[in-house]
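Just so you know, structure 1 and structure 2 below are the same protein chain in two forms, each on its own as structure tokens.
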Structure 1
């Protein structure tokens, strides 16, 4: 709980302030004259010691602070450095190690707010840095020790998305002894991995690998799985999220002997999503043979409830009147593993949809799959495919102004990371299946970067795949060949491996190596208040310091929801996410920042204004007290629900409510100090 406040205005011990100005290895020091700033600030009242240092965050830098606290009796610390997002925790723990309350330190952002934005004006930047530090020092005079808000945390995590990343993180969290609920939107587990024929870098059967993983997940007693399930509402905060799940009915319960018959009698024919439309399915169907859960499922959108299937199935097996159900979960942390979707080319983009002989790499996987729509035979339109062109970077590495934007106006300017190796692997597979086929590989750069990936590239060369290189500004053209030609399509490429000559390739099939896009999860983004990045994938706090955490405490990322990754990388990220969840929940308690509203009981007269204006649910309540025979009302704060916005402090007519760590007296002192005269200094520049 934040401290109960007795004296609003006066600090109770003489402030002895230590001031530290970080050069940030030149990031700040090359613009701001840090030595001078430190010297000037050293003259301010209450400042006991003032330093400039190359790297305050390094051990020697931290030791400087610790020594000053221990030896010079410093009891308030003001650090001017990078962004507090980066190193607030670093410095708090240093201050705490020295025996001082960690909230008696204030961080001034001299990098993002000064040196980076004013690098063209060192003099003014130095002046601004000095003033901001003066503000910090003024605040420090008023800072009081605070304690973090400690709350019980549910030892239970929710994993959203049952692709390989979600499965892997669920397993890792559960193996640590925590409870896990995994929800998957579709009616089967495994996500996209289930659709691939073989996977690099091991050339293993994807579904064999996946099955092993799913079996491990099913064998784990701490994991509960719901398929056909999605989040519909969330509330709460780290350690204590309340989540409402909606589960679509499956309609079919368990396997039965004459399943095939039940499917056969269904009159509805639909595009089979699993095969990217290369085959069809019924309104009662199974995503693929061997999927988990394995029972059939009803496609409610297209089912007419004609009841034919019910008639042939054993009694009670199929229920076409089953209702969706909703249920609540209480979890301490959430893993977002909602995955990706393949880029869908625009109409006419390299012949897409215009010519049926243009397919995507994902479709090629289905086509070459022994259990796929053509039983793995490399046939198209009933004819064996002879010559193929694979075109890279479709929907990846796009350039604004060159590539046609998607309907929402976006272009994908990132690399999708998996398509190069996946293409190389498929090119070789084509040559195995059709040894006489000519395979042309039309690329910008071959990015077989990972361990074992380069082998696929070399192997493609050995398999006599012909490479042509195009530049993004000169996109290859796919067109219909003359009636007389014996290949239906013509690919025109300006090839930069041969003086930029334009080459025409007659082919039977064009494969577009389409990239990855984030699965649309705007609903989750809204509910959990996480942010997407410029590439529209979910955004981490910092790619190096906190690579799987979002800005919302307790919400972590796993797999391709965060950006293109292959299976190995998705699993590694899932493990990292599990580590974070375990570290967070294993103690059964979480700590929240103490920057929450505090009520001055002397001044509060129960006007209720604060409650009226509070934007948070259940953060403030009016309660009735009886003291010395007098009954009155007073505002009470529930710290866990308060986000410290300070609206209450603005509306209180009695100045009876304030935000701990950011009180009005602190603000006033800061504003005054920032506009103050900078102390004069001999020799200052």
Structure 2
């Protein structure tokens, strides 16, 4: 390894280090002898004060740091406490309030890394805590003041997804004075909410509430909407994303008197997505009555361009030769509100596609909707449904080796959360629309978790819904009944409410309570460099501390893009995403952590090794310079794209690149200190 750069190793001022060991209310102090650790550390060079305190994050604890900085000239701070994810910002703010650069503080995680994992060995835990703090003190001797990376930020946000979460997020961002562009891949706004008749637990009409929200969005001057649009290319970074969007044409321009005739003459029939395939539509269609936009649209994938609709429409109203257009957009932040899709059962899964009398919960919603394919009557194939079985957890809470995996080889082992309440709601609605019908609810567990949702479970019992409980390893069987039977299907279930008795239920209809799966957005995952979780939903940084942010600065999540949610939760998550975007962009400038790669121009010879191994796109580039008649190449860092991973520092043959705040000389000092002898240990503990 090349020799240590002595010019970098020398600090700009004599370090005066303040050391603070937190008892964390006993979380640390009940295992680690914090007073002794502080006493030992106080003997180290450059340490001018060393304390043990019950709660360093409390106001008295913070004031102790502030007073030492002001009165004792402390210019480096080392704190041993709980996770830095909880209180790093707390201590940075305290240091800054005292007039010290906030990056001249180092945090040692004594709770998670010491007391919690070595709770049965207090002496060894105290030894480890001391050594870790010694490493922090060694690093502090070499720390330099840092400044955040500051970037200009356009006061413009892109919202991807026109469902309830995207609409809510766009509206909340726009109300804060920022420009918003909302794009929706389909040609209509509203997402899945438009397909429900009522929302629980208020029983308000879903499409009425949705229309009110859409009208508020349309009335907001700061919002621009593009339907039939999707992102095709991205580049840039937080504050300055350059987005290319492709918008498919509608093919129909405005409304005209004989629209129904234009639809009627179309020879193409397709399954209607809005009714989940329970009805059909033409290749020229509108999603539903009252949809937004209200005009018809051409289904380009299935349209044969026969021209029959053009013949009956006024001139210029329908253009079957219209082409897609592309346009560029510059935004400061992006909200991913890409939504979900209902789980599609595999062929034969509990009779799906094998028996026409097996439908999904989403189809049942449409069937019982007063504006649905059967006008709200509980009919199937033209006959009233007398007995129905609803089977829970289809596509959710799956077990490897029991359930068939998805195409990626994984099962859906998560709970979709909303299915139980939706099933209870539908069971009660069936009893209202068909009082004589028998309803069997076959569940694994009932999880009506939301406020007021438990009432649906209790009311279902009062409505004489019959409950049966199965275990996940014993999947209910759906089979064709004998020809002599008066019900077409037979459901066989081992019921653990009757001590494991096998029960056979003759029914007219089986409803599979399918869960949620994320919409397929692999293209967006690749373009924005965001990560999916094990459940395939988009992954947030931390479910509690940063619940709507991704690991990519400026990219946030809203609604069911990140997991199963009901409408209320989607709106709440959308509001949180809007708050994050507004806080990021409202000042017109973005501040990022300064822990990014820094190139030493005197040592860089342009080998390109750092660029070859850098995992971050556009973080490092090799640029050509001319100086004193000499032309040479040198690595250049784009701080906004660098995440400070340090790969470049490890591969540079000349040690010409480092990470600010985590330089190699700091690492070396820490390693030496951790492996050094602990001073005055004898008799101290």
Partner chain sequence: MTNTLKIDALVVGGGIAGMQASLDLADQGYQVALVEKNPSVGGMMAGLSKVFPTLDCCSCITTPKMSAVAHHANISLMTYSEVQSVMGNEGDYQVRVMKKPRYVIEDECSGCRSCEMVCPLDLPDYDNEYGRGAHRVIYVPFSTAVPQKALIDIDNCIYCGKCLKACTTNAIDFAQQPEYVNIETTSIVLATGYKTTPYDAKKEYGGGRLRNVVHGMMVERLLAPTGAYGRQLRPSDGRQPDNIAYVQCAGSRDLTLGVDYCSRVCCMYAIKQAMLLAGALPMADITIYYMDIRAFGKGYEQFYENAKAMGIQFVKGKVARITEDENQNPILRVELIDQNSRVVERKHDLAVLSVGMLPGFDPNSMYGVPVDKDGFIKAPNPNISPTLTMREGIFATGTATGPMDIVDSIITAGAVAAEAAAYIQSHNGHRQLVAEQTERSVTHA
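Residue numbers count along the first chain shown, from 1. It should be emphasised that the depicted structure is a prediction, and the values quoted were computed from it without experimental measurement. In this text, rigid core is short for the largest set of C-alphas that superpose within 1.5 Å between two forms.
S.K.: Here are two forms of the same chain; which is the form predicted together with its partner chain?
M.R.: The form predicted together with its partner chain is shown as structure 1.
S.K.: For residue 240, does the CA position differ by 2 Å or more between structures 1 and 2 when the superposition is done on the rigid core?
M.R.: No, shifts by less than 2 Å.
S.K.: Once you overlay the rigid core, does the Cα of residue 111 travel 2 Å or further between structures 1 and 2?
M.R.: Passes the 2 Å threshold, so yes.
S.K.: Could you check how many degrees the smaller rigid part rotates against the larger between structures 1 and 2?
M.R.: Here the smaller part turns by 13 degrees.
S.K.: Would you mind giving the Cα movement of residue 142 between structures 1 and 2 in Å, after fitting on the rigid core?
M.R.: The alpha-carbon displacement, core-superposed, is 4.1 Å.
S.K.: Where the core is superposed, what shift in Å does the CA of residue 29 undergo between structures 1 and 2?
M.R.: Spelling it out: core superposed, C-alpha of residue 29 shifted, distance 8.5 Å.
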